[in-house]
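Heads up, the chain below is alone and in the form predicted alone; it's given as structure tokens.
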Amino acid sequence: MDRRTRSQKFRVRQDWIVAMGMALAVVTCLPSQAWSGDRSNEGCLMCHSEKGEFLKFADGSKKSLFVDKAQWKKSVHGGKLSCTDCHREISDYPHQKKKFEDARDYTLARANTCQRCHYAHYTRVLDSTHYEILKSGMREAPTCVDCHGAHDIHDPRTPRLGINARCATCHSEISDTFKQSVHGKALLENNPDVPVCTDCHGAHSMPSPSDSKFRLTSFQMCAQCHGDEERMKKYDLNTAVLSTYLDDFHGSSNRLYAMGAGKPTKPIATCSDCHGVHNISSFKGSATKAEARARVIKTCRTCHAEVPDSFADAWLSHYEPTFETAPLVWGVKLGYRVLIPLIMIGLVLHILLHLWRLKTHR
């Protein structure tokens, strides 16, 4: 073999060694899961449990790609779902790059991910006021991950106070007002019997509070707690709130409209008109009966502006009339309870006698 041939073979062997070295360097530098094809959670977390990687957006902002491994495993999805169950568009490494204007654009683009498993909840969201706001172009309206989180999702019902904390990220002023109310103060003491935001407004199919139907049926919402005699007795609260409201003009009218008897030409007082919405305070805090009565007449004048102070005397509060508290009203109600059945019995008896007379004296 001549010198020229040996030299050519040597250069070929040298090029092959260099090529293998470069390939080895590339493989060494690539994450191990990309090389081995490991698409399990552990494979993904080998990269994403390390801080320092970011998703960059067109506006120059960026979002961390870090996933806390411990939080993920403690979440409701940990041990049940794989990363690719949600990130289905990712199938290889390097991941296919997609352009997003900013972080919010990325979140909104992934908003439909949850519907694959939680379709019933997702369809309710489509009927909510949040989704209506989102469709109107307000990108800040919440999506699933804004309320529930992404990789650290826990049972949304525990702790109950956490529900209000999540709502407060957008409705901070309302949250501060609620904390000063009778409900809010009790909730801060971890009282399980007081409502949180979702008890009144719903969780997914959240109707607009400005909707007329929401107003008409709001007494039913309050009745969930205040119509529960067992719960009310625990706090020495009146157990006849719902029944007495439905017996008076305001309640009976709202009930009829809520059942579909058209729409009222003007608003009719419901629970929130007299007691407030998020700032509900107890009338028991009044020092004297006169002070409590003054609060009542002030409340009445929000609708009945010209009425005298004596107007409030016609209202018996939410308590059933008794012989001791309102003997005249009690007597009239008792009389009607006796008289009306007697009239009905007499009417039926009159018809039967008339039919008997027709038959026997035809």
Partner chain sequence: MARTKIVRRRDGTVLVERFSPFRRVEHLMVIIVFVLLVLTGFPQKFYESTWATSTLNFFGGLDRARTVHRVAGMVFAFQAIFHIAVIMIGTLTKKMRLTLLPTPQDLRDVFATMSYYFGYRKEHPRYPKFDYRQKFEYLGMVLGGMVMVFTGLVLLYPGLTASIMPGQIIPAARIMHSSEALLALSVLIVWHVYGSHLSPEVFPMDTSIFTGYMTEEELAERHSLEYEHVFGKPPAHLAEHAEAPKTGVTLTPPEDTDSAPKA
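Model, not experiment: these values are computed from the prediction. Positions refer to the first chain, counted from 1.
Quick note: we don't show the form predicted together with its partner chain, though the next part is all about it.
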Name the stretch: of 135-143, 154-162, 177-185, 242-250, exactly one has residues whose heavy atoms fall within 4.5 Å of its partner chain in the predicted bound form. 242-250
Check whether residue 325 has any heavy atom within 4.5 Å of a heavy atom of its partner chain in the predicted bound form, and answer yes or no. yes
Using 4.5 Å between non-hydrogen atoms, is residue 283 touching its partner chain in the predicted bound form? no
4.5 angstroms heavy atom contact with its partner chain in the predicted bound form for residue 45: no
Can you tell me if residue 336 lies within 4.5 angstroms of its partner chain in the predicted bound form, counting non-hydrogen atoms only? yes
On the criterion of a non-hydrogen atom at 4.5 angstroms or closer, are 60, 64 and 167 all touching its partner chain in the predicted bound form? no
Those residues of 246-264 with a non-hydrogen atom no more than 4.5 Å from its partner chain in the predicted bound form are 246, 247, 248, 249, 252, 253, 255, 256, 257, 259, 260, 261, 262, 263, 264
